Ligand SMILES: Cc1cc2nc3c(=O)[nH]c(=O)nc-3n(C[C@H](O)[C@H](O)[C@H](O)COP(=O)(O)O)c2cc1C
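Quick heads-up: it's one chain on its own, the form predicted alone, in structure tokens.
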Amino acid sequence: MEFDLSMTDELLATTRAVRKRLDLDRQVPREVINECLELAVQAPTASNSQTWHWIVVDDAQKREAIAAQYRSGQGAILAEAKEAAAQRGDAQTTRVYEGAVWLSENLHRVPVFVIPCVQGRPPEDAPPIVLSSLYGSIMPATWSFQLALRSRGLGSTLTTLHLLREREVAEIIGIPGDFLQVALLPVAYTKGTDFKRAARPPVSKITHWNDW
């Protein structure tokens, strides 16, 4: 099989964190979410463990309750981060935080939440190998899910602020205590699909061959 490299590269380079361009008025069929999850679970896992579970929330009342926890947990974090970026003159990061504030205010209106979970809770003094294995068993699949969404005209962004209220969110949707939530992805169709590459440092400045 030969891949179309131009399309593959475009998918990888333009799958953005989407916030303000989420279409809050268009419903997302469950079968589309299932298609994307079928692709996501082809991702590799540590020791072939596959201890992941995915909570898909399309119930309006539960989305409202989760969004309330998301907002209560954030406090002034986003506003302060946005102000700090603006003072540094970092326009791109300022826009990111502006979008994050907007998303927080409108989160309950996003038609679907997807919460990736993985079984096992690391102890507070867990060594790096334990943390790497645990998160390495769910984050590749999460990114694959986001790529699959993008290829179908949907968008998402990986958020973590709800984890400040992880226990409260777990109670809302019945997540067992031995499962760890790792993110919350608001999912919707996007307004347009013309996303562009982001400004990033040259790879030559952040790549080290053989020595740092």
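Keep in mind it's a predicted model, so treat the numbers as computed, not measured. For every residue, the number given is its place in the sequence shown, counted from 1.
Beyond the structure shown, there is the form predicted together with the ligand, which is absent from this document and is the topic of what follows.
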{"property": "Option from 172 to 180, 35 to 43, 159 to 167, 54 to 62 whose residues, in the predicted bound form, bring a heavy atom within 4.5 Å of the ligand", "result": "159 to 167"}
{"property": "Answer option from Val118, Ile115, Val96, Val112, heavy atom within 4.5 Å of the ligand in the predicted bound form", "result": "Val96"}
{"property": "Interface membership of Arg200, the ligand in the predicted bound form, 4.5 Å heavy atom rule", "result": "yes"}
{"property": "Close approach of Ala17 to the ligand in the predicted bound form, 4.5 Å, heavy atom", "result": "yes"}
{"property": "Exercise: Ala100 in contact with the ligand in the predicted bound form, heavy atom 4.5 Å", "result": "yes"}
